[in-house]
Structure formats: C-alpha cells, structure tokens
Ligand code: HEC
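Okay, here we've got a single chain as structure tokens, the form predicted on its own, with questions on binding and movement later.
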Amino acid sequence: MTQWLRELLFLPERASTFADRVDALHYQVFLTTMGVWAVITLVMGYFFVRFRRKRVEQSTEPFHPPLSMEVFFVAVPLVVFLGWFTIGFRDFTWYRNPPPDAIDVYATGKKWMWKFTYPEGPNAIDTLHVPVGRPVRVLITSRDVIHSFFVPAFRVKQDAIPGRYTETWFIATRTGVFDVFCAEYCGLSHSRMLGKVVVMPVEEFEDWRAAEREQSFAARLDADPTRDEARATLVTQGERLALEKGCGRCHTVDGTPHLGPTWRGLYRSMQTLTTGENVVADEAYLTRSMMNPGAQKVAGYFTDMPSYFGLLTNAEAAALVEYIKSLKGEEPAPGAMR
C-alpha cells in the first residue's frame, strides 16, 4: 500500500527515520482528503439526479437542518484536523530535539557548492559521509546568500542563512548514496549546486574518517611543516582564535564574572535577555552573538560587544563555537584566559 502511494505521489525512496514519519502523515492527509472528496462527489451526483428540477415552476422546498446535523458537520472536520495537528506537532517537537549523542557536522553553503566540516576533521566538498543507524546533526550556514540544504530521501530541508547557524538532523536507515540539492534559488548556477550524502556502515565510516583526517593533516604539514595547528581540531583552533581576537578582554573561561558572560558552562545554558526573554545558548545563539551581538543582549551586561560579521569566516565562527562547547563543566585551569 505504502509503495503504491509513494509511486503515485512521485516520492523518492525513504532512507531515514524522519522520512518514515513525514510520509506516514503525508499518506494520512492524502487518503483522508481523497476519501472526503469521493464522498462529496458521490453525494453531489446523487443530489443532481434525485433532486433535479422536474417542472419549470418547481421551487426548492425550505430545509432547516437540526442542531445535531450542524454539530456533526462541524465536529467531524474539527476532530480530523486536530488529529493531524497532534501528529504533526508530536513529530515537530521530536525533530527539533536531536539526540544528545548525535554526530555534529558543519555545512557551509556557497555559490555554488557545499562544504562539510567535522569538529575533529576532516573537511569535504559536496560529499557528506555519515554512518548508518546513528544520529547526525548538521549545523548549517552560508557564506554569501540564502541557500537551503535539502536531502529528498531523508525528507529534511533547512535554510542556510549568512551569519547564522540553523540545524537539522537525521538517522539514515540504509547505506547508499543520496542526492543533496539547494532548495532556495541562489543565482545562475543554482541548479548545479549539487551534493551527495554517502551513508556507510559504522566501522567503514570510522575508518574513512580516521584515514581522511590523517591525510588532511599530512597535506597541511607538507604545505607548511612549521604550523603546529596543522593537527589542531576545531576546539584548539577556536582556543587560538579566542586569544588572537582578544575575546578574553570581556569573557572568561573559568566561570568568573567579567564584562561579558563567562564561556564556561555557557553552551546549552538558559540566558535571560534584556527584554526579559529566556533563550538557550545553542550554536545558533552563539553565532548570532558574534555576528549581531545587539540582537539578543544578556541582562546584566552593559558593555556593547562589536560585531564580528565579515571579520570571522564561517570556519572560524564554527571553531569558536566548538571551543565554547568544550568548556561545559570544565574545571579552571592554571593560567586560564581571564
């Protein structure tokens, strides 16, 4: 039945847990809609024949529906739509809360390509490698205009916005190679902004990542053997960037108060803004605070932070975010940046 519906609706094959939920809701809406359409069409046809006008002077007799009929015709559609809402809201809340053990991958859209970065390496262009059966969270941004990360087989689509991080996640249910498209018109070569998701067995994925990481490190060392950061992860790159950009003039990493919020334990914490609103300090919030710090100012801090929009690349912003994330629960270290 589902195979027939998928082909009827021209849907690609499902390859993620989210695709199963999306299609199930899609089928319910489609079947219910078509069923109601069929009933209405049959009733209309019956009325056209049964109550057709037989004489020129014939008039329609007045009809006053009972209250029970009005309640029925209001209650039935209401129950159907509330059922759809309940299923959709359940799936929406499930989708907006990725598992805590998800593998993070940074995806950057650029005219006209996708760049994928793993927190501990490696980097890849237009090809995202992921393990089957494990949750993967994709943190998405753009270097120029708005793009949209779209994997039809996974039923996931998320906009890539310059200066901000959005996120999507999935659990691939089978191995294979699946298409990635840009679903937001972004210029003349929009149709050629293509990529691939390669879903691999877990062991093969770990072997691939280790081999690619070593190859990337070796290439960077060959290019400049004096660069110690050739073997740096995003966390150590972020720590170096924090020192170079002078972040320690306002932020601490050991929990002590200063001109700006401390970075220790900041990630995923609840922050109260000057507007009274409470927000979670996730990747999107941290990135927005770098690029547009005046948009969501934390209550109790009166120093205006300068914007780093255009001063930090997306890769540098991602490194700083990973460094802040690594400070969660960390004990103060001797000589820590103050």
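Since this is a predicted model, take the numbers as computed values, not measurements. Counting begins at 1, following the sequence as shown. Between two forms, the rigid core is the largest collection of C-alphas that superpose within 1.5 Å.
Same protein, other form: the form predicted together with the named molecule, not shown, and the subject of what follows.
Asker: Would Val199 count as touching the named molecule in the predicted complex under a 4.5 Å heavy atom rule?
Answerer: Val199 lies outside the contact set for the named molecule.
Asker: Given that the partner is absent here, does Val145 sit within 4.5 Å of the named molecule in the predicted complex, heavy atoms only?
Answerer: No, Val145 is distant from the partner.
Asker: Give a yes or no for Gly246: in the predicted complex, does one of its heavy atoms lie within 4.5 Å of a heavy atom belonging to the named molecule?
Answerer: Taking the distances in the predicted complex, the answer for Gly246 is yes, it comes within 4.5 Å of the named molecule.
Asker: Hey, in the predicted complex, does Pro119 get a heavy atom within 4.5 angstroms of the named molecule?
Answerer: No, Pro119 stays farther than 4.5 Å from the named molecule in the predicted complex.
Asker: Please identify the residue among Leu266, Ala183, Val132, Ile103 with any heavy atom within 4.5 Å of the named molecule in the predicted complex.
Answerer: If I apply the 4.5 Å criterion carefully, the residue I get is Leu266.
Asker: Going by heavy atom distances of 4.5 angstroms or less, which of His251, Lys110, Arg164, Arg137 would be at the interface with the named molecule in the predicted complex?
Answerer: By the 4.5 Å heavy-atom cutoff, the listed residue in contact is His251.
Asker: Mind telling me which stretch in 253 to 261, 203 to 211, 185 to 193, 172 to 180 gets its heavy atoms within 4.5 Å of the named molecule in the predicted complex?
Answerer: Looking at the other structure, the answer is 253 to 261.
Asker: The named molecule is absent from this chain, but in the predicted complex, do Gln28, Val76 and Ile87 each have a non-hydrogen atom within 4.5 Å of it?
Answerer: Contact check failed for every one of Gln28, Val76 and Ile87.
Asker: Going through 278 to 296, which residues have a heavy atom within 4.5 Å of the named molecule in the predicted complex? Please give them in sequence order.
Answerer: Going through 278 to 296 in order - heavy atoms within 4.5 Å of the named molecule in the predicted complex - the hits are Tyr285, Leu286, Ser289, Met290, Pro293, Gln296.
Asker: On a rigid core superposition, would Gly45 pass a 2 Å threshold for CA movement between this form and the one not shown?
Answerer: Not so; Gly45 is displaced by less than 2 Å.
Asker: Taking the rigid core as the frame, does Thr32 move its C-alpha by 2 Å or more between this form and the one not shown?
Answerer: For Thr32, whose C-alpha is compared between this form and the one not shown after core superposition, the shift is less than 2 Å.
Asker: Rigid core aligned, does the Cα position of Arg240 differ by 2 Å or more between this form and the one not shown?
Answerer: No, Arg240 moves less than 2 Å.
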